[in-house]
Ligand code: LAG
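Coming up is one lone chain in structure tokens, specifically the form predicted alone.
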């Protein structure tokens, strides 16, 4: 087996010392791994728009897509109205039941799974009675034929003046009081659990391959486990448990229900990209037994999501090239599995997506110049998942597969290189100037297309070509605040 080249990094230059004989000429290149462990959250995309996008997602290398909640919800233009359920009818401003089923079938046909955001902790936060999107009548604590306060379906914690959570250092408050006035379901009771299981089973019947459990932190772990208990064994379960500094509720408590979203990664990478040592991004979550991160095999990481981009706890599309760098680091990371976020531009944090006169969301469309340098008007679909730099590295990750024994990281200040043996190599430049160096890539000799700057089309590369010489070394110019990524599936001479 080809042994590694030793690398010394001195004053910004890479000095390569040969420890073994050069790669034999004519050695056979491995096949791309065809791994698809990257998810994409298409926030507030309609079912028809997701169905139309799935072929492009599959081609880019995405394995699954996370939708916004599909159940009937309160009326209103704000983004958060879909997070206030009125019933479990699959009818929403994003589409009908039939459209959702057609969407899951269309995506499955091209190998992309669909995961739904499931709101099961609460119902509405509306004090006045109303009518939901599909015509269901409701009151704050009364949902005819579904939930009734008189039958004990809701919590009234009695611990605060308005029954709302006031202290996140109190476990009982967090799990039994109301989250901003949202009617809190008594998920510890069997009638509530049974009805929620029916809802999730209905989603599975419609082709849903998994669920994100919204506000899981506000339910006890046994409640979440009971609610997802009847899902198929292969279903993906992602519990939303926001890790709060000094808070007693920990994401690790929810591993019995499935995988968990690791919020700490996105918060930590923000500071690293904006001014810290980039090598720290390669170490996030890597320490065995770390008290600040979930185990890697149960964690899903993200640069941002619909909540964090509004609260500015993380980077967002508005951060341009910093946002690209963070996504590249996430996709190259050895820790966890990544979820790319894709939403719409906004200046008002409550603003929903563009809607027609009836309140139905207009189908998402991605502009041809979507990317970090574009100026975004409110309501425009930002389409981060399709930004060339991000989509290219999604394809890189699919080609190189999960990090194995041949995975290595090389660091020189704010230049970090990731080697995945003979399948791929990626380098990130966090400096304000271009960097040209000679790197040991681990690749077999050949001409490789940089999938960050271009694509391989009809055998020709539309961007930078990286020439890998015998021994695996290549002289590469890495643009400022950007990256270069090559893999066996994008060989110009292949």
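Residue numbers count along the first chain shown, from 1. What you see is a predicted model; the values in this text were computed from it and never measured.
From this point on, the text means the form predicted together with this ligand, which you will not see here.
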Using a 4.5 Å cut on heavy atoms, which of 282, 181, 136, 408 is close to this ligand in the predicted complex? 181
Considering this ligand in the predicted complex, which of 323, 83, 344, 147 comes within 4.5 Å of it through any heavy atom? 83
Within 4.5 Å of this ligand in the predicted complex - does that hold for a heavy atom of every one of 63, 487 and 491? no
In contact with this ligand in the predicted complex (heavy atoms, 4.5 Å), from 249-257, 188-196, 213-221, 313-321, is stretch 213-221
Going by a heavy atom distance of 4.5 Å, is residue 125 a contact of this ligand in the predicted complex? yes
Interface membership of residue 156, this ligand in the predicted complex, 4.5 Å heavy atom rule: no
In the predicted complex, is there a heavy atom of this ligand that lies within 4.5 Å of any heavy atom of residue 240, even though the partner is absent here? yes
Even though the partner isn't displayed, in the predicted complex is residue 293 close enough to this ligand, meaning a heavy atom within 4.5 Å? no
Could you list the residues in 303-341 that come within 4.5 Å of this ligand in the predicted complex, counting only heavy atoms and keeping sequence order? 306, 307
